[in-house]
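Given as structure tokens, the chain that follows is alone and in the form predicted on its own.
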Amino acid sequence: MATEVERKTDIGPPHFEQFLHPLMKENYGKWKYHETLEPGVLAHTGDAGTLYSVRCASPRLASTNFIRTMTGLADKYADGYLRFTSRNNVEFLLADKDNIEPLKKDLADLNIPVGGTNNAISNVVHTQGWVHCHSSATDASGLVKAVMDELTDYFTSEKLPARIRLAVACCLNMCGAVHASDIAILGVHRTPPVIDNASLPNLCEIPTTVASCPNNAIKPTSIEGKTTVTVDEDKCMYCGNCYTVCPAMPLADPLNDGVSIWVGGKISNARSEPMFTKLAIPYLPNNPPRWPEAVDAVKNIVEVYAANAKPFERMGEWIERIGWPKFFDLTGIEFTKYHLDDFRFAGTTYRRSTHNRY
């Protein structure tokens, strides 16, 4: 392995090598094989020996107490080495196989499940939601908690045809992997921003507010001698960009905001090209704290997929094989006008034959 180059400045991240487990560093570029010992427990064998990974769930928005608990377990069982995966799982890196069961027991005592590997549902990538985001249409962490409480068995086992990756974004700006996950929950606004004409001239720069709209739906206007803006509702896509630069244009609407369900995305190149998600359910209401409609919809899609897909077939690959009409038939999801793509170039992807069979 190349020797670390001496740093000349303090700009940029530290070199990754200093964070590697010693056994990982010795095996770097010399791995022989990897194997799964049980759901959530992996073994990576190289010339210098075997390194074990124990993967567990995390709440994504983690408290300092949770971080201290995880690092405490890492000190106790993993020589102080752990990592967070790109989907916010916690992985403990163990050189001693005998530490696996005691670590799993301590995690079970904390009600933290072990799993998320191979043909399982991994931890959910999600955005900030009501906890932090100013333009969210739904909560993210609460929704994820409700969904995964119902799907925990698919996290702690590997009984699915292939892996399922879930994502949640609290509005259509999608600060998450909603466009490229097997099942995605996307918060949706359905009403345009409410303009506070009395406050807007004092709070907002008109040119910046007008320029913030990607659809050119905002125009400057004058009301009672004061410069303000107007919104063309037919052009508004409820993205909240205007509210980001102009607090006098709030978008949140408790009665109309909700979530949509999207399916079929993936990043993997295996068996087929990467895919973007497509709309499955255009709207479900926000019903915190447990979001029963959204939870039932996701669980239904998971179970129909589990019962009908071939081994190693991802969600989008299964849908492409059976056809979208069959997908709607099997899941019982209603097909509506909102499923029709009215983008100007969408016609290039339409099925143009009169034979609409599956």
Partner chain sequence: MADDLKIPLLEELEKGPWPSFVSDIKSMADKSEVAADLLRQLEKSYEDKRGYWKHGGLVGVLGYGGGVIGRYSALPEEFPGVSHFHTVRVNQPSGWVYTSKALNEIMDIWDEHGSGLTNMHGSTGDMVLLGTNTDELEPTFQALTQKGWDLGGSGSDMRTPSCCIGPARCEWACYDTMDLCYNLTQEYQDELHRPMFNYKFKIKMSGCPNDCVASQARSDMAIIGIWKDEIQIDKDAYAAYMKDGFNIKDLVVDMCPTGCITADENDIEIDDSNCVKCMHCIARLPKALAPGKERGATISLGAKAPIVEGALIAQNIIPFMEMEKPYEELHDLIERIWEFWDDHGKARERIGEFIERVSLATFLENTGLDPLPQMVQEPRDNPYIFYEEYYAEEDEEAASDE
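Residue numbers count along the first chain shown, from 1. Fair warning: this is a prediction, and the values are worked out from it, not measured in the lab.
Although it is not shown, the form predicted together with the partner chain is what the next lines describe.
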Self-check item: Partner-contacting position among 218, 100, 263, 82 - heavy atom within 4.5 Å of the partner chain in the predicted bound form
Solution: 82
Exercise. Answer yes or no: in the predicted bound form, does the partner chain come within 4.5 Å of a heavy atom in every one of 6, 128 and 270?
Key: yes
Quiz prompt | Close approach of residue 227 to the partner chain in the predicted bound form, 4.5 Å, heavy atom | solution = no
Exercise. Look up in the predicted bound form whether residue 303 has a non-hydrogen atom within 4.5 angstroms of the partner chain, and give yes or no.
Key: no
Quiz item: According to a 4.5 angstroms non-hydrogen atom cut-off, is residue 274 in contact with the partner chain in the predicted bound form?
Solution: yes
Exercise. May I ask you to check whether residue 132 falls inside a 4.5 Å heavy atom distance of the partner chain in the predicted bound form?
Key: yes
Exercise. Let me know which residues along 169-184 have a heavy atom within 4.5 Å of the partner chain in the predicted bound form, or say none if there are none.
Key: 172, 173, 174, 175, 176, 177, 179, 180
